[in-house]
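Below, in structure tokens: the form predicted on its own, a single chain.
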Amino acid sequence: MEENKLGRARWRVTLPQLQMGEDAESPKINHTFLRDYVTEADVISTVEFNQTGDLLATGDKGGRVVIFQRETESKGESEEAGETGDSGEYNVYSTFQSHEPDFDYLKSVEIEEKINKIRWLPQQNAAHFLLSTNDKTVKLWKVSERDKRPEGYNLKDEEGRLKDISTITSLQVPVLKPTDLMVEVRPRRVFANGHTYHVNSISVNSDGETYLSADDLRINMWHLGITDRSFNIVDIKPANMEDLTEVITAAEFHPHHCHLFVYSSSKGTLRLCDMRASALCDKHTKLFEEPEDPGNRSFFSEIISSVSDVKFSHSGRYLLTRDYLTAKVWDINMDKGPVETYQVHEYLRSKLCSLYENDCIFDKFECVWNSSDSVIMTGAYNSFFRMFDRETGRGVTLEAWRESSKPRAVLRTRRVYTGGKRRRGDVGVDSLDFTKKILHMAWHPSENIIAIAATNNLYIFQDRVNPDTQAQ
């Protein structure tokens, strides 16, 4: 995104919504336009682009995965739409049930079908592969297309029934004939029994052969071809659980160095680990921690300092983290503190008591980089999400909601009123809707296209600047 464009960034909705239900606020069905009645199973819980950005996968609390494919537009269609460059809409490509509800009979607890994370594997052939996980089990899925079918079997009739061998008097060579395009999704591997606690992260290694899965106390490394065993690389479980002081909140492999990975904790720390130094990485290579100001210490300090997400930059030089009130950028060569700190919604600091009572203080917001690592994005409440330009330090607040997100519409910046002169359209802190939270999002790997999950709706916005100037 161009530096001077961020303040008045113009985003258009290419897929205004993924309508999967109606809104609890309006129980009456509107037959002309289905409103927002949201069932828990329809709430989107993860969003992820593949490496090319042509496919976008979402997972929901009902255990379903929906894959969208980008439809390229012809030059004439783009010009008619008033756009420059190749920009296409995302349409539903495939939908499948990834996980089912289960029950742990040993512990007598239910295992939810909710999809916690989705990660795409680098494409090796015509098929696509993705990993999806719920609280306990990681699955590898193969997504492929079929537009031909074999005909002319010798031992089967047209309906697939076996023929009587005595009736076969001649042999024929089977042939492939064109048929309607079919998208097939098949499970290829099931990685079970690797975690005692809830899985919060999966990350594919740059070697293309292994991946890690992290739960509250342990991180395991798996080979994509081996399902019956994994290698434990981090274990912070104390001998006595009463001595437990922190849990693992997120983990990710370095984008280029297959021996490096980072994990975050509920104490606000980051640990960079090098598997060349030790097979069991209980001892970190670097510890990233920001010293706490004793003057700002409060009952909520430890809760709001918990890191909910950590992401390596595309270059691998920086780390982006999100805690409850801020987003921070860390240089992996400087462990004394973050190099950049962005206030996401500092105006909520005075509301922490009520946010604690309604459990919103425990919400886990994600954060993402743009393709050039020059802009970061994260979510907030009231259907707001925030973008920060790293060069200027300037931030904007945008809103993902149905009424202002018509196709081809231009999004306007929003502002939360905290004092001083109030502008038209400002939203007061007391008027914020804490049930409308933007927790999950993704940024296209090479273009200024973002995907925002808002309860059961998926919004896709695209920057309208010329793609040739986006990298400037």
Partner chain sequence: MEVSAEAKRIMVVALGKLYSSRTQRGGLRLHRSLLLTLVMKSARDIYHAAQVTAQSAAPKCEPQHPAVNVITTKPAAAQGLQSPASHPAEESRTAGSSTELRCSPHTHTRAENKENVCPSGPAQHSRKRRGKAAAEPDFLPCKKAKLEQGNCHQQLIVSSVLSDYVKCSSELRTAPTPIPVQTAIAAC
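Residue numbers count along the first chain shown, from 1. Nothing here was measured: the structure is a model prediction, and the numbers come from that model.
As for the form predicted in complex with its partner chain, it is not shown, yet the points below apply to it.
None of Y356, W401, F231, Y153 but one reaches within 4.5 angstroms of its partner chain in the model of the complex through a heavy atom, and that residue is Y356. With the partner omitted from this view, the residue of T95, S144, S266, T227 that lies near its partner chain in the model of the complex is S266 [heavy atom within 4.5 Å].
Y347 falls outside the set of residues with a heavy atom inside 4.5 Å of its partner chain in the model of the complex.
Under a 4.5 angstroms non-hydrogen atom cutoff, its partner chain in the model of the complex has T249 among its neighbouring residues.
In the model of the complex, at least one heavy atom of P101 sits within 4.5 Å of its partner chain.
Put simply, S306 is close to its partner chain in the model of the complex: some heavy atom of it is within 4.5 Å. Checking 269-277, 392-400, 219-227, 357-365 against its partner chain in the model of the complex, the stretch whose residues place heavy atoms within 4.5 Å of it is 357-365.
For the three marked residues, R70, A126 and A127, no heavy atom of any sits within 4.5 Å of its partner chain in the model of the complex.
Interface residues of 177-212, taken as those with a heavy atom within 4.5 Å of its partner chain in the model of the complex (partner not displayed): Y197, H198, in sequence order.
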